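What follows is a single chain, given as structure tokens, in the form predicted on its own.
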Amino acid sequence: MNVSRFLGKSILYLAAFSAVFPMVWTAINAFKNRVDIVTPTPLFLFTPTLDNFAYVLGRESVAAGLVNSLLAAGGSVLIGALLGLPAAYAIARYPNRWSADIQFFVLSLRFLPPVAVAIPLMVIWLDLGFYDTRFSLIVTYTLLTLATIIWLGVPAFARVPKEVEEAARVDGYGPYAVFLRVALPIASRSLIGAVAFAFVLVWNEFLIALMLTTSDAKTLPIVASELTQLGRDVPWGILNASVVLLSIPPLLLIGILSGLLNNAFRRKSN
């Protein structure tokens, strides 16, 4: 029994180390000069520098890409939540013969490779005159966030006790009040995770943004990929700094949502 527990913990720690170490190493290399990064022996003791971050933050394309990413990801997640949460609640609480097909269709949108979605949409936006615009990115990303939020929202609402909703109806609550004031707060913990997961997916989206933008609506992942050069003179420090900066907004969003959720539960417990 002790041996199996030891093996289980060892596997868990190894998996955690495998997931965390690349992120830590990327953050460390972001503060190194290129000479310290390309040495045959990895350096753990070095003189840190902020030149990599200064170079990335000093480019106008990075600021424009940050604004485009925030508007595209934030707008698509907001629209996806406004449309997806009521849809997920309706599927979970009012099932019919089409419910299973709807859930399978929503899930199948996540099975499609990005190129299968990007090429037809690129043709559509070119014909409509919306290619390389924030509007086209928001609408396209909304398809992804809507599918993700519905997919994760249905089981979250299904776990809400029906007795609580029935008691609310006895108290005079209508269907919209039951959804907004009963089901939504109870399922909020899982729903916040769904919204955060949807934001991370579209924030890190690369291929669709690459095919739907050229200059005006380029997102931050596209701008970050352009900081590299071909050949042996790859600016590894700048690339690592761009990865660190690219990871900050999703981490901030998850931290803010977690803090709001913890505060809400503390108020309920008090």
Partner chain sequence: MKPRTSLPAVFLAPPLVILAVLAFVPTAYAIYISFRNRELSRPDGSFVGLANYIDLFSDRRFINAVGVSLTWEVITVTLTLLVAIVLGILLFEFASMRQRAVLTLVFLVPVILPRVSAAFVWKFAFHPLYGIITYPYKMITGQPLDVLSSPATALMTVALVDVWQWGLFFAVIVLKLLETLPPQPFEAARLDHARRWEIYAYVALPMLKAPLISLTFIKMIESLRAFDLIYVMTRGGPGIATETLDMYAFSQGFIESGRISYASSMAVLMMLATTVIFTVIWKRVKP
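Positions refer to the first chain, counted from 1. A quick note: this is a predicted structure, and the numbers were derived from the prediction, not measured.
There is also a form predicted together with the partner chain; it is not shown, and the following applies to it.
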Query raised in the report: Out of V164, L78, L112, A158, which one falls within 4.5 Å of the partner chain in the predicted complex, going by heavy atoms?
Result: L112
Query raised in the report: If you check in the predicted complex, is S61 within 4.5 Å of the partner chain, heavy atoms only?
Result: no
Query raised in the report: Is the gap between P86 and the partner chain in the predicted complex 4.5 Å or less for some heavy atom pair?
Result: yes
Query - Non-hydrogen atom contact P42 with the partner chain in the predicted complex at 4.5 angstroms - result: yes
Report task. Report whether the minimum heavy atom distance between L207 and the partner chain in the predicted complex is within 4.5 Å. Result -> yes
Query raised in the report: What residues of 8-44, in sequence order, lie within 4.5 Å of the partner chain in the predicted complex by heavy atom?
Result: G8, K9, I11, L12, Y13, A15, A16, S18, A19, V20, F21, P22, M23, W25, T26, N29, I37, V38, T39, P40, T41, P42, F44
